[in-house]
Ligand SMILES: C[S@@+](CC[C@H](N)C(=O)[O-])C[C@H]1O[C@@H](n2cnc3c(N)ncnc32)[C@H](O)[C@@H]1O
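In structure tokens, one chain follows: the form predicted alone.
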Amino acid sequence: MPELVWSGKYEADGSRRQPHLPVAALRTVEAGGVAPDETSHTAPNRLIAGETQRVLPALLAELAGQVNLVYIDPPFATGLDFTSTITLPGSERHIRRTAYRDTWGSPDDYLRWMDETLWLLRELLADDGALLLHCDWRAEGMLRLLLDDIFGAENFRNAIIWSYRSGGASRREALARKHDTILLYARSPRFHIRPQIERQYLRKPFMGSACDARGRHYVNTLLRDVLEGEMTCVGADGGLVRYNVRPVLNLSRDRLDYPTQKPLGLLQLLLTLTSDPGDLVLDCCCGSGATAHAAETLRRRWIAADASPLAIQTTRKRLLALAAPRPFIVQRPVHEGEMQVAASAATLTFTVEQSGRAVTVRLTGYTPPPGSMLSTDNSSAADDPTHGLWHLDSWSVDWAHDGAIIRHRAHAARARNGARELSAALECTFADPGHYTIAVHVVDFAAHETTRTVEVTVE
């Protein structure tokens, strides 16, 4: 059979090389969506901060054959750095933050990384599970052959087209490239699509068309493999479900200041097509957190991971902003003998005010760590009326810190768009007297995380 070959695909004896990566332990460092009396160190949903080749072996040791669906939006081998530019609150200063670098020494390096990643993902999938791989014209051909090699060509199900009208257009070299491809591969013949019925409205009656209560003519057809615009499907109860799969543009109200952000409606539709409520969904290049958010809305369990600190902050902030997020934990892979994440060199100051059992934590100052892109500001602390708090994107308080896990029991964050105000005070009324350790956790616009603790006695 024809095959795709790259340097390092085979061992010296001619056998197919398999990933041999050290297995790290996943250490829980945070918990979100917790009730005030939450004490569990575990949760069904996880956000993991770490490199794919560290995270996936750790998950494989625990969850081999148990993941129902994988969605992965990996690097596309563009050779570019993906950045976002934001204006810092209260100033005219702009900073450019790098989300990730999609640069490789050679096509062989990219293929070796993708081969290891896809092999590990296949081993994580349940026998009736499936993988959705998001790509574009640059790597689609290579990745299709690679997936045929790993999953078997017989397990290819669809090349789903996500069509859009945004982005640049070539005038001479080619037609404007206005779609991405999402390759769907089954783990085995046991996987099945959850077919959806799409409602298409017509300008005038047609054979077999119907008319709704608003006088609109329509036909119901099986959903095809091209996704575009705003799509309306007929739900299991006969009601209509709308999926907005339009791209998230710079001026969109849903924009999260993260490059390559995918629309929530696209992920909701993909998860509806390929999984059931209660299924476990994995996204190891989670970016802006659209997969985890979609899984929350559809009652799927989820694991989201990314090597980018900006991706972790964007996803954490997105989840904590939900009206009633289910409990989730934040983990980091740590190999045996490896040191924990070094303490931040940033300066954080705050006060604690008490009135009976009511305790208020009020931020009073923040200075980014030396060498940060934020630390190059020319204004002096003495002339800054906000005492550097404009550097902060979000912060949380754990009112009863156990010394190991930060529980986001109170949280404040700047709006994703529009107003950039950040509450500088969070409060709690303790139910019981006692001695408590309060932990204050802040994240600045460069995704630097800082935690400081203070002891308080509540009478």
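In case it trips you up, residue 1 is the first one in the sequence shown, and so on. What you see is a predicted model; the values in this text were computed from it and never measured.
The form predicted together with the named molecule is left out here; the points below concern that form.
*Find out whether any non-hydrogen atom of T274 is located within 4.5 angstroms of the named molecule in the predicted complex, and reply yes or no.*
Judged by the heavy-atom cut-off of 4.5 Å, T274 is well away from the named molecule in the predicted complex.
*Using 4.5 Å between non-hydrogen atoms, is C284 touching the named molecule in the predicted complex?*
Taking the distances in the predicted complex, the answer for C284 is yes, it comes within 4.5 Å of the named molecule.
*asked:* Even though the partner isn't displayed, in the predicted complex is K262 close enough to the named molecule, meaning a heavy atom within 4.5 Å?
replied: Close contact exists here: in the predicted complex, K262 approaches the named molecule to within 4.5 Å, heavy atoms only.
_Given that the named molecule is not shown alongside this chain, does A307 nevertheless sit within 4.5 Å of it in the predicted complex, heavy atom to heavy atom?_
A307 belongs to the contact set for the named molecule.
_in the predicted complex, the residue from D115, D148, D73, E296 that sits within 4.5 Å of the named molecule by heavy atoms_ = Exactly one residue meets the criterion: D73.
*Just one of A290, A130, L121, L270 has a heavy atom within 4.5 Å of the named molecule in the predicted complex. Which one?*
So the residue touching the named molecule in the predicted complex, by this definition, is A290.
*Which of these stretches, 209-217, 274-282, 74-82, 360-368, has heavy atoms within 4.5 Å of the named molecule in the predicted complex?*
Every other range fails; the passing one is 74-82.
*Judged by heavy atom distances of 4.5 Å or less, which residues of 129-149 approach the named molecule in the predicted complex?*
Going through 129-149 in order - heavy atoms within 4.5 Å of the named molecule in the predicted complex - there are no hits.
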